[in-house]
Every structure is written in structure tokens, then in C-alpha cells.
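Only one chain is shown below, in C-alpha cells, and it's the form predicted on its own.
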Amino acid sequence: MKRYGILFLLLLWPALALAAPSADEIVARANKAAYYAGKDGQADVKMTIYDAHGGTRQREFSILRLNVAGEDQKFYVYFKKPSDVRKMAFLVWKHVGGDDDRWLWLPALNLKKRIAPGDKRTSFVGSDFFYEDVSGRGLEEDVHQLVKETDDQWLIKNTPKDPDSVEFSWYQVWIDKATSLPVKAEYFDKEGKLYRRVSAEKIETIQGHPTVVEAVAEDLLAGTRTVNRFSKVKYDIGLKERLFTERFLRRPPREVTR
């Protein structure tokens, strides 16, 4: 009986090895691929905001990211252009399983503003991206369901555990199997109508890490969209944690000004 039992398991093993990962495992992989490449990272970003009438505005900024204890992270964003946002700075201390700490420095007002947890799903500097898009949404905030699988992608439906804390009813994300990167997210309102889309338009491999180098956020109701183009992307550059403190909101480090 033992021999037959072992033979059965050996025959079954290939099928077990090829079993599809769970929705939670897929989302965890996507989160790691999108936000945790390397020990730290740096990029320059050119943001173009398109209004419903074809007009445009631009923002240029640099972003630093550092992985810290566990899966917590720290982000620092420094704005360079145009003049109305120049020297603005945005700091995030991301706490997995808890509320993030977020600060915004407004030099024109000589004001350091604390961003409340409830404001994380509001416009990031007047664009179609949200503050939450910068550092990502907590995996524990949603229930994840695998609804479709193709040869190249997984489609995951995400439903918030606390529906009163967000403006959407649910959202779905297409995740690329080859890179584990999320390539498109669509958000549905309380009436089930699609109103927002975020997509990865271009992906390149940089230092061995698949990296989104062009991302688009669209407000489908307002008819606006924002395009972020990333350049000078680097990983594992040895960033120090002291850079991600409130003192550097007023005085930016040379890592973002040089």
C-alpha cells in the first residue's frame, strides 16, 4: 500500500507543480514587482496632464524609494518644474498593515501639510493619479478573486473590505504572467459604472528588473488623462534612510537636485 501511495503521489506531482497560484499569491507577486524592485530606486518623471479640451500642463519631478524593515517603504518626491510647483516635496512612510504617514511641503506658503489617511485617494498635484498610486494600495485592504486567466495574463477582481473608506465599489487588474507587473487597472463606482483606468503603456527591463517607463491614468467621466514618463531609472544605489525625513522636505537632498 505504501508503494502504491508513493507511486500515486509521484504521478500526481507534475499536476500539483503546475497548479495555478491563488489570487492572493498573484497580487502579492504583482505588488512586489511593481514597488519592491531592488533595495532602493530612483527615477526622473515627466508628467503631462491633458484636460478635456485638449489643453496640457506639465510637471517634472524626481522620486526616491527605499525598502526598510519588513515590507515597509519610504518615498520622497521633489518637484523641479514648472515654477508653481518648483521645490514642492512629498514624503511617504509606508506602513504595511497600517495607515501610511504622508507629508507635503508647499514652499510658496512656507507650509508643511500632513495628508490624512482619508485623503490618499485624492488627486496627486492636480493630476489623474492619486496619492495612493505613488506608494501602492495595501494588499490587506481588499478581497482578491481570480476571475479569468489567459496564456499571458491573470485578471483579478479586488473588492474593498471597508467600502465606506473608498470611492469605488471594486476594481479589476490585469497582471502580466511573464513579469508579474500589473498592466491595467479599471475602477467601478457604486453603481457599477467604469469611471477610472490606470495602465502601463511601456515596460523595459532595467538592471534585470521589468520596469514601467510610461504609465497613464484616465478619468473617464471628466475626459482627462495624465501620462507619466520615467527616465534615468536606477536601482540599488545605496540611498540612506536619513534622506526620508521631514528635515529634507524644506531642504532637498542632492540626490534629487543634481
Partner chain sequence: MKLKMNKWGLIPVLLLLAGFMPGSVSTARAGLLDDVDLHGFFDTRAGIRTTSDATQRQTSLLESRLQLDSLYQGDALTLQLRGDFIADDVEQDRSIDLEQGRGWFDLREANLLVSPTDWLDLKVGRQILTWGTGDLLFLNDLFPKDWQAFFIGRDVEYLKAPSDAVMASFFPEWGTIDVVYTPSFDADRYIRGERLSYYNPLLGRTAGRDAVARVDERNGWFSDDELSLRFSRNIGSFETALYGYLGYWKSPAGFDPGSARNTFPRLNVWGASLRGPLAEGIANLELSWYDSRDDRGGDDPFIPNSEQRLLLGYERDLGRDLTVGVQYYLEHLVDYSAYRNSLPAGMPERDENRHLFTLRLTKLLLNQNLTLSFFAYLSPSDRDFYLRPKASYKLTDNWRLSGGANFFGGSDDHTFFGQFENNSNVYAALRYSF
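From a predicted model like this one, the values you see are computed outputs, not experimental measurements. Numbering follows the first chain given and starts at 1. Each form is matched to the other, and the largest set of C-alpha atoms that superpose within 1.5 Å is called the rigid core.
The discussion below concerns the form predicted in complex with the partner chain, not included here.
- No residue in the set Thr150, Lys184 and Lys202 has a non-hydrogen atom no more than 4.5 Å from the partner chain in the model of the complex.
- Between the options Val96, Ile115, Val134, Leu155, the residue in contact with the partner chain in the model of the complex by a heavy atom within 4.5 angstroms is Ile115.
- At least one heavy atom of Arg242 is located within 4.5 Å of the partner chain in the model of the complex.
- Though the partner is left out of this view, Gln58 does reach within 4.5 Å of the partner chain in the model of the complex, counting heavy atoms only.
- The partner chain is not drawn, but in the model of the complex it has no heavy atom within 4.5 Å of Ser169.
- In the model of the complex, Thr159 stays away from the partner chain, with no heavy atom inside 4.5 Å.
- Of the candidate stretches 97-105, 171-179, 136-144, 184-192, only 97-105 has residues whose heavy atoms lie within 4.5 Å of the partner chain in the model of the complex.
- Residues Arg242, Glu246, Arg247, Arg250, Arg251, Pro252, Arg254 of 229-254 are found to place at least one heavy atom within 4.5 Å of the partner chain in the model of the complex.
- Relative to the superposed core, Arg247 undergoes a C-alpha shift of no less than 2 Å between this form and the one not shown.
- Once both forms are fitted on their rigid core, the CA atom of Phe79 lies less than 2 Å apart between this form and the one not shown.
- With the core superposed, Leu104 shows a C-alpha displacement of at least 2 Å between this form and the one not shown.
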